[in-house]
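So this first bit is one chain, no partners, the form predicted on its own, shown in structure tokens.
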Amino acid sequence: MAWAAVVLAGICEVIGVIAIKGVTQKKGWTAYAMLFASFAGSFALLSYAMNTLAMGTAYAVWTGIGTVGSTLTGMFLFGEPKEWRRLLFISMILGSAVGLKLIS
């Protein structure tokens, strides 16, 4: 259950990053509401997961999911460059997060 909470927390973080982009482009109250709700959910789920998982592992996986998710979102939703080097380093972050899960 704790690992599911970390994954959901990472997804909420990605939604929060998308909301930050929305705030910078539109500055409407819905973007701000999405921003605060997604990050509040993310931190709440991460806190829940840390009751069971080691703090360093949970935080590293959470930031890895957020980094990979927000980078891929930038590439596919906002037209950011899709260079092979970016994909290489993203895969290294993803591999590290999976490795932490496997040894925990």
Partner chain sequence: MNRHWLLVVLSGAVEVLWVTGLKHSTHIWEWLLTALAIAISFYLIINASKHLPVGTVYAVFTGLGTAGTVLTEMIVFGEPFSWLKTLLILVLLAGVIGLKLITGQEAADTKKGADA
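Positions refer to the first chain, counted from 1. Given the structure is predicted, the values throughout are model-derived calculations rather than measurements. Throughout, rigid core stands for the largest set of C-alpha atoms superposing within 1.5 Å between the two forms.
From this point on, the text means the form predicted in complex with its partner chain, which you will not see here.
Colleague: Is it the case that V17, even though its partner is missing from this view, gets within 4.5 Å of its partner chain in the predicted complex, heavy atoms only?
Modeller: Within the cut-off, so yes.
Colleague: For L45, is any heavy atom within 4.5 Å of its partner chain in the predicted complex, or not?
Modeller: Answer no; every heavy atom of L45 is more than 4.5 Å from its partner chain in the predicted complex.
Colleague: Determine whether any heavy atom of L100 comes within 4.5 Å of a heavy atom of its partner chain in the predicted complex, and answer yes or no.
Modeller: Because a heavy atom of L100 falls inside 4.5 Å of its partner chain in the predicted complex, the answer is yes.
Colleague: With the cut-off set at 4.5 Å between non-hydrogen atoms, does M50 touch its partner chain in the predicted complex?
Modeller: Answer no; every heavy atom of M50 is more than 4.5 Å from its partner chain in the predicted complex.
Colleague: Pull the contact list for 80-95: residues with a heavy atom within 4.5 Å of its partner chain in the predicted complex, in sequence order.
Modeller: Sequence-ordered list: E80, P81, E83, R85, R86, F89, I90, M92, I93.
Colleague: Is K21 displaced by at least 2 Å at its C-alpha between this form and the one not shown when the rigid core is overlaid?
Modeller: After core superposition, the displacement of the K21 C-alpha between this form and the one not shown stays below 2 Å, so no.
Colleague: Has the Cα of L87 moved 2 Å or more between this form and the one not shown, judged after a core fit?
Modeller: Yes, L87 moves 2 Å or more.
Colleague: Once you account for a change of 3 Å or more, let me know if A97 and V6 sit closer or farther in the predicted complex, using their C-alpha atoms.
Modeller: Compared with this form, A97 and V6 lie farther apart in the predicted complex.
Colleague: Look at the CA atoms of I20 and V98: state whether they lie closer or farther apart in the predicted complex than in this form, given a difference of 3 Å or more.
Modeller: Closer is correct, given that in the predicted complex the C-alpha spacing of I20 to V98 is reduced by at least 3 Å.
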